[in-house]
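To begin, one chain is listed below as C-alpha cells, in the form predicted alone.
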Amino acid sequence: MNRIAITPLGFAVGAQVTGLDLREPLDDVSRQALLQAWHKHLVLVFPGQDLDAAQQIAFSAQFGTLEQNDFQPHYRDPAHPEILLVTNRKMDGKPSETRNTGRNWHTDLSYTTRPAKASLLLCKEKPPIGGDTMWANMYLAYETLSPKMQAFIESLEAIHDVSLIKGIEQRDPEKVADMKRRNPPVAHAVVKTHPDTGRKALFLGQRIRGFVGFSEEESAPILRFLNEHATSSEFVYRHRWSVNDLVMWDNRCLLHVALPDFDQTKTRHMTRTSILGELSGYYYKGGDDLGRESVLQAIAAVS
C-alpha cells in the first residue's frame, strides 16, 4: 500500500497529498483515504504529477463519470473530449479563447442542471510569476451568517447565466452564440446540502443574474453582500502553481477564481477534467415553471 501523507495548506481549505504516483491505479484503501481527505480539506494538491491526457483521464475517472464538455465543445481537446483546455497558447494561429477563463468567482458548470461534482486541473506550463488560483469555502460562508440571514436565503433560488462569464464577449461571436443556445439560464437553490457530508453550503458566484421572484435591482445588493461575505479572506486558500501540480476540488462547496496576476505574454497552459455532478436546478424561463417541471420529472424518472 502507498504511504500517503496529507499536509494542510490553509485554515479554511486545502491540503497537499504526497506518496502517490497518479499514473498508477488507486487501490481501495488509497482511494478511500483520498475521499476522506477531500471531504475534510475540499481542495487536494498533488505535486509532481507528470501526467499525459490519458493518465489524467484515467485518474479522474476513479472518482465518477467524466464530463464530456458538450456544454462548451469548442474549447475541449480534439483528441480527448473529457479534457478542457485552459490555455493562453495560440490555437490555429489565433489567441486562445480560454486564455481568460475563470476570471470571476464561480462554480464550474453552475449554468447547467448538472454542475460539476469535482474538477481536476493539471498545470502543464506556467508563467514565471503569478497565474494563481483561489478557492473559497462555502460551508464556512453559510455557517458564519446570522440565523436570520440563513433563514432568509434558504428560500432563494439564483439564476445562473453563462453570458456572465467574465471575458466571454472577447470570444468568437458564433461560438458564444452556440454556447448560449446550449446553456439557457438555470435556477439553483442558494443553499444546498452536500450529498456526501450532509453540511449546508452557499451556492453562489459572480455568474448570477438575480434571484427568482426578485427584480435585478432588488437582487443586486443581496447578491453583492453574499458574494463579498463568501469570498472573505478567512474562507480562502490561494494556490501558487508549480508545473505538474494536479489540483482536485469539490465544486459543491467551493467557489474559485483564476487570477490575471501574470504577464499575459507568458504561457499558462492547464488541462481540466470534471466529474459529472448531481441533477439539480431547472431551466429558468422568465417566471414560468415549465423548465422546473421537466427537470423534476427527469429526477423522478431516475430516482
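Being a predicted model, the structure only gives us computed values, none of them experimental. Start at 1 and count along the sequence shown; that's the residue number.
What follows is about the form predicted in complex with a small molecule, which we do not show.
- Contact check for A33, H41 and F46: none of the three has a heavy atom within 4.5 Å of the small molecule in the model of the complex.
- Shown without its partner, this chain lists D108, E82, E97, E157 as candidates; in the model of the complex, only D108 has a non-hydrogen atom within 4.5 angstroms of the small molecule.
- A heavy atom within 4.5 Å of the small molecule in the model of the complex is found for one listed residue only; from V162, V86, V212, V190, this is V86.
- Residue heavy atoms within 4.5 Å of the small molecule in the model of the complex occur in exactly one stretch of 145-153, 219-227, 100-108, 180-188, and that stretch is 100-108.
- Contact annotation: R252 falls outside 4.5 Å of the small molecule in the model of the complex, judged by heavy atom distances.
- Interface residue remark: A118 is not counted as part of the site for the small molecule in the model of the complex, having no heavy atom within 4.5 Å.
- Using a 4.5 Å cutoff between non-hydrogen atoms, A258 counts as a contact of the small molecule in the model of the complex.
- Using a 4.5 angstroms threshold between heavy atoms, T133 counts as touching the small molecule in the model of the complex.
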